[in-house]
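Take a look at this single chain in structure tokens; it is the form predicted alone.
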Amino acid sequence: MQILKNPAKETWNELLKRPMQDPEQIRESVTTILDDVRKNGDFAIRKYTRALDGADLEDFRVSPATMQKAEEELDDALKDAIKRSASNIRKFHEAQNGGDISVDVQAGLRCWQKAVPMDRIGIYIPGGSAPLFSSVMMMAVPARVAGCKDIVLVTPPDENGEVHPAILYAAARSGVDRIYRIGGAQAVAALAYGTQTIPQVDKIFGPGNQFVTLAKQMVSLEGVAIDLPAGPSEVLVVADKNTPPRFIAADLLSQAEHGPDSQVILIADDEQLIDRAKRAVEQMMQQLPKQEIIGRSLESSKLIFLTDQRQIMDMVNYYAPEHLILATENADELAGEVRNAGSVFIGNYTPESLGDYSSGTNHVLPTNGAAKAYSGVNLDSFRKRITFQKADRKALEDIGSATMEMAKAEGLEAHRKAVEVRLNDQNASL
């Protein structure tokens, strides 16, 4: 981990660079898969599931009997944890249900806005030895709260064609309508284009590897909506002399274990704390199972000493972290200065892990600086807002001249005439 002391502002861009992957290395493979699924549907899905996941499946859909078996296999402690977390996620997202807007902008002219849920959304959940069943809840629960009619989940099977029972149980608790045992870029293609058995969706959500991420980006260029610009996980911790070094170490390591391209950063105004935090990271790392992954992640991570609090918050907002932990004595005050962050964790007893699982906020967040312009997944991610307007004859007579004048100035004569013909119609009723 690199220690930096009072770096000049003009160096921030270089020192805060995220580890980057080159998508060109896999673009050709992803393009081939997308084209194959678009043309050949289920046949292509079976081929890639056999080749990439080692499972030979005739029917991709998970049956009700399999769902029941998954519930029976899961231990009660984990089921209770999933239930409690799903409840908190539901409560937080239900609170985001704002009312529709209706305004009489002038006499005879009313404009209003209505939130309408998407009809069908698709959720991608990675499989493997550490299935991200928490992400099922983070996307399916708000989709159900928003009123989506059809929630489709895809996740890769193991070589026996099975899906981890925790994913299936979380899906059942979250309101997923159907689950298909497919993964990779081919699963994204199936959701984007539809196949003989897998329906096309309006928007695709969920994390994944480089192939999944690139596939989502590529289908989004064809008009299929996706949730967020995706990238490796990251956390920035702001600490002071009152922050226990072991707390800092635990928070940094919790993100570093996501993958070798994750980035963790500590900013503190106390040099001794930085040294103690570094030692705590090195000691705690020895107790963790993913030491190789963590070690590679820490290579691109930074421990930054800044004496000026204003500069600290400037750097925070410049970096725009996915996860921001404010663990200083004046953490509540600093929280009011945050402009760019995916999700903020305040105080020494709010680890980032709470947001990943149980607090109720969403853990699908913008990365790689996208928090400067994007929000994390929320209720509106599953809805579109449609505007309506209705004018009577008197309102058109009042505002029509302004409309015609601007249409004329932009050289759009048919726009101007659409107003004029109505104003010249003497038979139109008031």
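Numbers for residues come from their place in the sequence shown, where the first is 1. Predicted model, so just to flag it, every value in this text is computed and none were measured.
Separately, the form predicted in complex with another copy of the chain exists; it is not shown, and the next lines address it.
J.: Using a 4.5 angstroms cut-off on non-hydrogen atoms, would Phe211 count as touching another copy of the chain in the predicted complex?
T.: Heavy-atom contact with another copy of the chain at 4.5 Å: absent for Phe211.
J.: Taking any heavy atom pair closer than or equal to 4.5 Å as contact, tell me whether Glu257 reaches another copy of the chain in the predicted complex.
T.: It does: once another copy of the chain is placed as it appears in the predicted complex, Glu257 has a heavy atom within 4.5 Å of it.
J.: Answer for Pro131 alone: is it within 4.5 Å of another copy of the chain in the predicted complex, judged on heavy atom distances?
T.: The answer is yes: Pro131 has a heavy atom within 4.5 Å of another copy of the chain.
J.: Indicate whether another copy of the chain has at least one heavy atom within 4.5 Å of a heavy atom of Pro207 in the predicted complex.
T.: No, Pro207 sits far enough from another copy of the chain in the predicted complex that none of its heavy atoms falls within 4.5 Å.
J.: Would you mind picking out the stretch of 172 to 180, 113 to 121, 270 to 278, 295 to 303 that comes within 4.5 angstroms of another copy of the chain in the predicted complex, counting non-hydrogen atoms?
T.: Selected stretch: 113 to 121.
J.: Using heavy atoms only and a 4.5 Å cut-off, determine which of Asn378, Ser29, Thr66, Asn40 is in contact with another copy of the chain in the predicted complex.
T.: By the 4.5 Å criterion, the partner-contacting residue is Asn378.
J.: Here the chain is shown alone; which of Leu253, Val145, Leu228, Ile312 has a heavy atom within 4.5 Å of another copy of the chain in the predicted complex?
T.: None of the other options qualify; the answer is Leu253.
J.: What residues of 396 to 410, in sequence order, lie within 4.5 Å of another copy of the chain in the predicted complex by heavy atom?
T.: Stretch hits, in order: Leu396, Asp398, Ile399, Ser401, Ala402, Thr403, Glu405, Met406, Ala407, Ala409, Glu410.
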